[in-house]
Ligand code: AMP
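Below, in structure tokens: the form predicted alone, a single chain.
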């Protein structure tokens, strides 16, 4: 029986999740624009396309073995699932925001009895209780930013990424309840029964994440400069050094470099007389 993996069916998490699976070598068959289910051509894996907010419940019940969703949704659900890894994308935060000009700068300034509009009622209620605030939670399914201006709520608890939407709607952020990003979660019973296979899938995904921000650098370097090159290009376990046929004064080096260090590294290599410098993207890094 194949492992069942749930992936968000749309939105910011969907495209990146599919991209990562493809980079991990798992080629997902195209099931059309409204696909609900797809198989993987070269792996013992079935992919289910579900609403991000439903994935935690499906994983918890064991309808699917694993899922990719937002950590905010895991926290809001309160369900007991196993978090295998943070995935490094879909970063945002669940924040408290108030209309500008209301004289509210901190949570303690919020009057008791204030109305809070949010799609995260459990997290919001728990947070305000921890702050000793008695508030009224109004559950909405979206567009929280407009509710204070419509008189539906006094303030909101909503996801914030850049903060531009808040500014557009003349709202200001006064507190952060939780940080969130995409996570890979698993059913705890499935981990007991099929832990090895599920860890292998998680490892394949992790290898893609580890390769993010890395590049593979190759260059021909004068032997006389090799010690200096080793000093600023340590790579994972030092650069790989190979002899060139017919040359005793030059060697070839291969090394993994942080993407942010490529510009300076190439310039230093050129000053040391390196030639044939080649930068290659990395799909996966398997330890």
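Quantities reported herein were computed from a predicted structural model and do not represent experimental measurements. Positions refer to the first chain, counted from 1.
Keep in mind that the form predicted together with this ligand is missing from the display, and what follows is about it.
Enquirer: Although this ligand is absent from this view, report whether residue 268 comes within 4.5 Å of it in the predicted bound form, heavy atoms only.
Expert: Looking in the predicted bound form, residue contacts with this ligand do not include residue 268, since no heavy atom lies within 4.5 Å.
Enquirer: Taking heavy atoms and a 4.5 Å cut-off, does residue 161 contact this ligand in the predicted bound form?
Expert: Because a heavy atom of residue 161 falls inside 4.5 Å of this ligand in the predicted bound form, the answer is yes.
Enquirer: Within a 4.5 Å heavy atom cut-off, is residue 12 in contact with this ligand in the predicted bound form?
Expert: Contact check for residue 12: yes, within 4.5 Å of this ligand in the predicted bound form.
Enquirer: Could you confirm whether residue 90 comes within 4.5 Å of this ligand in the predicted bound form, counting heavy atoms only?
Expert: Yes, contact at 4.5 Å.
Enquirer: So which of 196-204, 162-170, 121-129, 96-104 is the stretch with heavy atoms within 4.5 Å of this ligand in the predicted bound form?
Expert: Selected range: 162-170.
Enquirer: Going by heavy atom distances of 4.5 angstroms or less, which of 86, 136, 210, 145 would be at the interface with this ligand in the predicted bound form?
Expert: Contact check passes for 145.
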